[in-house]
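Only one chain is given next, in structure tokens, and it is the form predicted on its own.
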């Protein structure tokens, strides 16, 4: 079973018709919590599978960084979606979303501590034991660092991946956001990440507001993020790239333009 390749886009019901009309599309990503593995697939998603388009389920609710053990029912759901879509892998975030029965409604950053590494590793291993396919982990964007951090971002991520054997879902927009908000150098961080573990890459837009860069997924991909795509592709064989859009969808011509820009930055064939 092959993994994702080329340039893809996040599948959302609001743009299902646009996605279906992309002749060179090789893969899409779907929010796993929006798919019922026991029922019919959402309109358009089954047709993509029949065309041979790879569909990767992307989880947002496992809370792998939570102090409580990962919910086995949520893991079972993710596993069922992977099987229903014949997915080559699944992905989730290095983050927490709930504690003490309360739901945050957002992906929240972890302190980069040894204790947090152990927590994530334990939950990832619990999930991996029940998943039928490999798991890729995505580091999230954050506006701040916790005061008790013991590791920098690259070491924190590498320790988790080394201990679990998980693959990396690298979001270059998050790399840009974290460097911008924390006063770091995005290219220097890129050079310290375990790029050989990449399963695929997220690319998304954002905007400056209140002195911070916000990873909105509703704004165009900025030049700085496209530059990071070029830097990444200069350092290793160009990985599969996925455009993320969530809400405030622009006209089809603008979406095609963003996909074409990813193709041009990476050397992948155009999908439009």
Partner chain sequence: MSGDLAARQAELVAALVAGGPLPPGFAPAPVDAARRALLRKRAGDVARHWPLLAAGLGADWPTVFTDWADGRPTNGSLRDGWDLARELRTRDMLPPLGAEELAVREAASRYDGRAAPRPRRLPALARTGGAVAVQLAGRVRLLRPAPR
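Numbering follows the first chain given and starts at 1. In this text, all values refer to a predicted model and were calculated from it rather than measured experimentally.
Not pictured, yet referred to below: the form predicted in complex with its partner chain.
Any chance residue 96 has a heavy atom within 4.5 Å of its partner chain in the predicted complex? Residue 96: yes, in contact with its partner chain in the predicted complex.
How about residue 47 - does it come within 4.5 Å of its partner chain in the predicted complex, if we only consider non-hydrogen atoms? Outside the cut-off, so no.
Just checking whether residue 254 would be counted as a contact of its partner chain in the predicted complex - the rule being heavy atoms within 4.5 angstroms. Residue 254: no contact with its partner chain in the predicted complex.
How about residue 134 - does it come within 4.5 Å of its partner chain in the predicted complex, if we only consider non-hydrogen atoms? No, no contact at 4.5 Å.
For the chain seen here without its partner, which of 108 to 116, 153 to 161, 71 to 79, 171 to 179 has a heavy atom within 4.5 Å of its partner chain in the predicted complex? Of the options, only 108 to 116 has residues within 4.5 Å of the partner.
What I'd like checked is whether 65, 103 and 144 together line its partner chain in the predicted complex, meaning each has a non-hydrogen atom within 4.5 Å of it. Affirmative, all three are within 4.5 Å.
Check each of 148, 130, 83, 191 and return the one that places a heavy atom within 4.5 angstroms of its partner chain in the predicted complex. Filtering the options by heavy-atom distance leaves 148.
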